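Heads up, the chain shows up twice below as structure tokens, two forms, tagged structure 1 and structure 2.
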Structure 1
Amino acid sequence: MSTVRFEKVSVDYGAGPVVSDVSLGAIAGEWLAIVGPNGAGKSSLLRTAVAAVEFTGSVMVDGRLTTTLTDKERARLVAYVSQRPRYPQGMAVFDYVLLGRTPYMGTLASESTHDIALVWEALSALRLEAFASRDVATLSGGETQRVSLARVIAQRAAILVLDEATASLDVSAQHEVLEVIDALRSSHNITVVSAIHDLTAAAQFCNSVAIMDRGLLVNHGAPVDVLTESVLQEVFDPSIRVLEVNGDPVIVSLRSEEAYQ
């Protein structure tokens, strides 16, 4: 099924809720974008999907409560890229991507030929073959971001949870990675839930969009219904404009009139 469902989820780190009573879901094969200003609660909501933060309410993946799953069971269902991944010192790119296959290995088992093939496939998808023997710690921010995505692609979970997974990439690399994720979603019927700042990318790649603001879910629906000037101006800024280029939406923030005076 590869479905995700957040039901009345709240997160509170002790100084008041950062996520408040959010109910939201994504069906199999859907790409759900979660957008909103900084501090809206997007990352905290995503972290509940992998039980990385304490929360109230419930999160179900593939019809199972995340809190009832073992770490290995959860990792077979959900692959997660955090906003700031940690990279072990001295680990080669190939070995780091191979970590995505850990949920399928026994305690003392080594990687299989199938595991190795999936790692090379993931590296190839993101044009990282030449980096296979490089120490992850020596790569640039954009390169390490692609390596993190390669790891979750190799993981072959039914659900991808991505927290600003393309934030460190330049414009062309960002588009390339989004295309890879979209092709993987389509070919394997994978469900993608991603926090994303690029509203244009959300409009062009995602099936549905949820807008969060100050911990609350304020809008949810198809991109054409949610990513409108009137809706976005209420949450972001009155200068937001939704343009059309070759039939595709492009969302920009214009300088205010005062800036020209």
Structure 2
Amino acid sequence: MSTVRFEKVSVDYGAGPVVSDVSLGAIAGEWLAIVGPNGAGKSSLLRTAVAAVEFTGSVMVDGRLTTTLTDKERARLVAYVSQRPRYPQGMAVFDYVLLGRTPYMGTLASESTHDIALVWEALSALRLEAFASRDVATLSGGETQRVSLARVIAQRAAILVLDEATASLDVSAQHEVLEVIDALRSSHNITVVSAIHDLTAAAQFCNSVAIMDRGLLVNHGAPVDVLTESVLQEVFDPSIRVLEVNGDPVIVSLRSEEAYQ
């Protein structure tokens, strides 16, 4: 059972709070989407889960306070993919995925055959075997996202924190990556917490959605309950419309009528 729970979490970089008193949780195997306009505090909230920012309040993973865990213990529980990961020039895909095994290695140790086997498992889960020797810096956007996911799968963390993992992808590549995440979530029983811009995708893929605005948690619940026109119009823009296709909400932004004239 791997759950993640944010309790009264606040983040302040020195110029006023960017996250204020947010309490929010996800249960094991759940996919929680965090949506909101740019600057809403989504990334900062996610970064508290991996201790990448200073914050007040508490974050519990698996029932344990992250502040009581060592860096390695935390890294074995929570894996993280940043908005724009750095893919070092000249590094082979295999080596990049192998970095996911870092929390399991002693400071001076090198990888075991077990580590290597897990890297191959991760590569095969993301259909990347043929790319193993390729330079990670020469791959396309969709391929590098899969490589990042392979790295966090090799990390064997039960909680996956994704910061806009698909923001830079075209529609089909984004869809493919989200499907991969969903498959990994069910096959490995992983809890996913992801910031996501595409509200329609959030509605289709995620079990629950939390809306943030200016550092505050506005609403949290099942996608159909939370992603309503009135809430979204208030948080994002009055031009937002929520349509429905096959029972799922489809969220679009319409150009105002005056603009056509």
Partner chain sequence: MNAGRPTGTRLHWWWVVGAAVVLVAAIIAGVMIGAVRLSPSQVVGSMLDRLPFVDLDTGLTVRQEAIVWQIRMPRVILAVVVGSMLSAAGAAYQGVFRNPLADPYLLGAGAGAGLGATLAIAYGPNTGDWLVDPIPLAAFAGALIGVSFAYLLGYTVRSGRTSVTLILAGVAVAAFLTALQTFIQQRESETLREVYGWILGSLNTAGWAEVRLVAPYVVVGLGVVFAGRRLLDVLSVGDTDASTLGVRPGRIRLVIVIFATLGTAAVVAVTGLIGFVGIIVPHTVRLLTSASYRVIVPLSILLGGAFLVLADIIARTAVAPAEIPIGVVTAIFGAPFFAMILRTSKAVVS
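Quick note, the numbers are simply positions in structure 1, starting from 1. We call the rigid core the largest set of C-alpha positions that still match within 1.5 Å between the two forms. Keep in mind it's a predicted model, so treat the numbers as computed, not measured.
- As summarised for this chain, the first structure is the form predicted on its own, and the second is not.
- If you fit the larger rigid part between the two structures on its C-alpha atoms, the smaller part is left turned by 14 degrees.
- Core-aligned Cα shift between the two structures at Ser124: this is 3.8 Å.
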